[in-house]
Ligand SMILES: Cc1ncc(COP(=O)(O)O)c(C=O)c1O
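A single chain comes next, written as structure tokens; it is the form predicted on its own.
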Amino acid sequence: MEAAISFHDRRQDLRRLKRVVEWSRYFAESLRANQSQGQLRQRGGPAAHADASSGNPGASENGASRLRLDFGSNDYLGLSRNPAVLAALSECFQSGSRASPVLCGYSSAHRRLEAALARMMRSEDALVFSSGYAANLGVIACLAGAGDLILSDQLNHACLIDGCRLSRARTQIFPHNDVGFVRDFLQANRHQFERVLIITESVFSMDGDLADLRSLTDLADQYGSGLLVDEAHATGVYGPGGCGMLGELGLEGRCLAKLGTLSKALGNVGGYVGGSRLLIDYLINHCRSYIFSTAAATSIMYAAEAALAEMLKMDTERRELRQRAMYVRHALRQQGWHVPLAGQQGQPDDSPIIPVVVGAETVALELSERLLQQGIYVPAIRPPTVPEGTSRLRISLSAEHDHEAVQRLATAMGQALGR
């Protein structure tokens, strides 16, 4: 009997070992394919070795620091290291929130931040999520379902795409910024669907270009559709007080929901949505990524509230940031780099996200490494983040980059091109 049990145990062990080997082989083969295609990723890249104590993003693994200009961050106003924001963290009575916001995880700090965000967006109310990804994915999946239609821009962020997939609505991807396609599709098909959502970013995360929000807003009104605008990369940079592109164009009251993040210009982490009080109450009761997730950390609410107060006052920094963006774009085009236009319908070409499209993954990686050797970090962006054949360097400017910094970047880019 003992021998039989022992034999049975050995067979079970062999089966388990076989499964482990099969999974390991699958993982290894997939990673080799990533490597051969120039798409292997690591956590953080070179910036992961930053010396946090000194704030120097150029420290090497062994602790020896060297000057590095970081053009990979989305911290457009430098608020992640702002003294007022850091001081606000010390005022918090706890680090985490301990529970879902519909249980005991919601505090007065959450309410204060949501009220401030609503004022900034000129919305009736706002709702804060633990991440921007959770906000976008959850809101879309909550607002659309079977029998509904979603029209989503081809270059929308992964969290928007995943929200569309999770919703079970029919999703029609429209060619990037092709308002004519949206118009024709709605004219031919609107009558088939109960509810329709049109989803776009206002400033696209990898191309840095601007959506045609005026035309999309008009179409949403004409065809009884809800417009969802992700302002993640516009907040802090565009509009009065940094309220975003909808505010810059005077369109705040004409969209169903304004989506945003605390993790870019506001220098923290988390996501939010702004809209009518009815919308927010509906999300509190139906949005799964809000109901079934621990509330955003209380300490972050303190820091984000301080960051928002600082952001509203930074008109000079916003103006200078956009001016430097135009300078860098012009300088790189003069050198011969392919830098797509950002503006729509007479809007200025001043987005601080500056893509330098080079095509092949290997070229983007080589250029990024060449710049890094000069103490300048510009990340290489490759598929699947961007379409095949459009690998690029993605330059992100910040208010912390003065004229000397952007001049040094332009000089290094010219040298990388052999000029």
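Small disclaimer: the values here were computed from a predicted structure and weren't measured. Note that residue numbering follows the sequence shown and begins at 1.
What comes next is about the form predicted in complex with this ligand, which is not displayed.
- Heavy atoms of R329 never reach within 4.5 Å of this ligand in the model of the complex, leaving it off the interface.
- Contact annotation: G132 falls within 4.5 Å of this ligand in the model of the complex, judged by heavy atom distances.
- By the criterion of a heavy atom within 4.5 Å, N177 is excluded from the residues contacting this ligand in the model of the complex.
- Mapping the unseen interface onto this chain, T235 falls outside it, with no heavy atom inside 4.5 Å of this ligand in the model of the complex.
- Heavy atoms within 4.5 Å of this ligand in the model of the complex are found in one stretch of 249-257, 112-120, 140-148, 197-205, which is 197-205.
- The contact residue chosen from T171, S299, S263, N82 relative to this ligand in the model of the complex is S263, the criterion being a non-hydrogen atom within 4.5 angstroms.
- When you look in the model of the complex, the only residue of G267, G274, G242, G270 with a non-hydrogen atom within 4.5 Å of this ligand is G270.
- Within 4.5 angstroms of this ligand in the model of the complex, the stretch 132-171 places a non-hydrogen atom from each of G132, Y133, N136, H157, C159, taken in sequence order.
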